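Just one chain is shown here, as structure tokens, and it is the form predicted alone.
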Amino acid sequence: METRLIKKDLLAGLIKGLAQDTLVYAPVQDEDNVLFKVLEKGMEPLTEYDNTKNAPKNFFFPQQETLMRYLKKERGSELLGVPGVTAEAVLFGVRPCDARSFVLLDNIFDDPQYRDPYYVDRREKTTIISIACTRPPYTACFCTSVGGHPLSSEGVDVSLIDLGDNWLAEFVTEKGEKLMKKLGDLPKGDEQWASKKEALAEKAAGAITTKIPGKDIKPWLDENFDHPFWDTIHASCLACGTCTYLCPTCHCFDITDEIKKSDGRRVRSWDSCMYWLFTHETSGHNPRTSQKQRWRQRFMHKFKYFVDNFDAIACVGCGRCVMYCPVNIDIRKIAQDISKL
């Protein structure tokens, strides 16, 4: 792994330089929010911020995308085409928790048996640059309880670590080393910076004070699908879907055909297990008619079903669902309450 030092005041300029001939997706200030957006001329990429409101998963798994277009005929239809391959891109400024979400999503969209060509094409052509959390941004953060770490390089090609006057840039993968050549002649890091990184990692992990039981609650979940506890968590839920739409790992979707006269397109759109229609069948039957059932499904999917299938919790501890739920439902408290039963 190659390491380099980048002066603090040079990083934003280097990223804007990349954006001149490469698609760059970066955190930018948008009124009161920090959002990931395509970096266009005149926009300033943020290098120091807490975290984005939107998770960067929509770069690989868009909120809405056209899967194919077709011409509807009197008998049958004619395929007009599918989206072409995507261009090479750089995804800059991803926090380690969000980068880890890509590794979890790969289990779903890059499974050998059910490989999603749209997602995989974007993943293969995108270089991911993370900014480590040397100072975890929120009290709602709990990445260390679900398998993550504030200085983790899991799922990234380049990891940036704040050393004060410099960024320590670790070029983790071949894609990262390829990008390094585009950044010019950067001074090498040495053992001094490596030891400083270790101290920062220990301090950052210690700063995350929220702890949840994580996989420890799975045995209870295995045996208590009908436990009365599930009646206690859903009463205030508005079924607004905020938690799922901001979540870095939620990946449920719906596919619809939209036809105007003879022109048709097949569209994939995000969906949410919080919605009544999510499990509504064409027969009219709905196996999850209550918000209790839907909230149980959301929690069980993250802490039981995903663990059963992939030996990992489908949560990266970013805290977005905690901070932005309009009625203050806290997934951390639910896990903690279960651990006491």
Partner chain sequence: MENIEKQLREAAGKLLSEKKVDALVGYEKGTLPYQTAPCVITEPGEADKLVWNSFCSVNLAKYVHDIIFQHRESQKRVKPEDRKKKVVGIVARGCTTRSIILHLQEKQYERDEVVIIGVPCAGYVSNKKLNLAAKGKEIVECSFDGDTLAAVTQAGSMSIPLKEVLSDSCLSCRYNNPIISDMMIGNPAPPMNPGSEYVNVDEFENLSDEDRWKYFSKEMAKCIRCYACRNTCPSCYCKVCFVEQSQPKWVGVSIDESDTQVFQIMRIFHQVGRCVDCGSCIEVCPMGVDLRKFLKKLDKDGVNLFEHRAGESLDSPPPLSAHSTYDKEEFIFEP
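Source: prediction; values computed, not measured. Positions refer to the first chain, counted from 1.
Below: the form predicted together with its partner chain, not depicted.
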Where, among 222 to 230, 131 to 139, 181 to 189, 107 to 115, do residues come within 4.5 Å of its partner chain in the model of the complex by heavy atom distance? 131 to 139
Partner-free chain; cross-checking its partner chain in the model of the complex, the single residue of 209, 195, 236, 77 with a heavy atom within 4.5 Å is 236
May I ask whether 8, 43 and 311 each come within 4.5 Å of its partner chain in the model of the complex, counting any non-hydrogen atom? no
When the contact criterion is heavy atoms within 4.5 Å, does residue 59 count as touching its partner chain in the model of the complex? no
Applying a 4.5 Å heavy atom distance criterion, does residue 165 contact its partner chain in the model of the complex? no
Do residue 73 and its partner chain come within 4.5 Å of each other in the model of the complex, heavy atoms counted? no
Can residue 23 be called a contact residue for its partner chain in the model of the complex at 4.5 Å between heavy atoms? no
Partner contacts for 31 to 56, taking its partner chain in the model of the complex and a 4.5 Å heavy atom cut-off: 31, 32, 33, 35, 50, 53
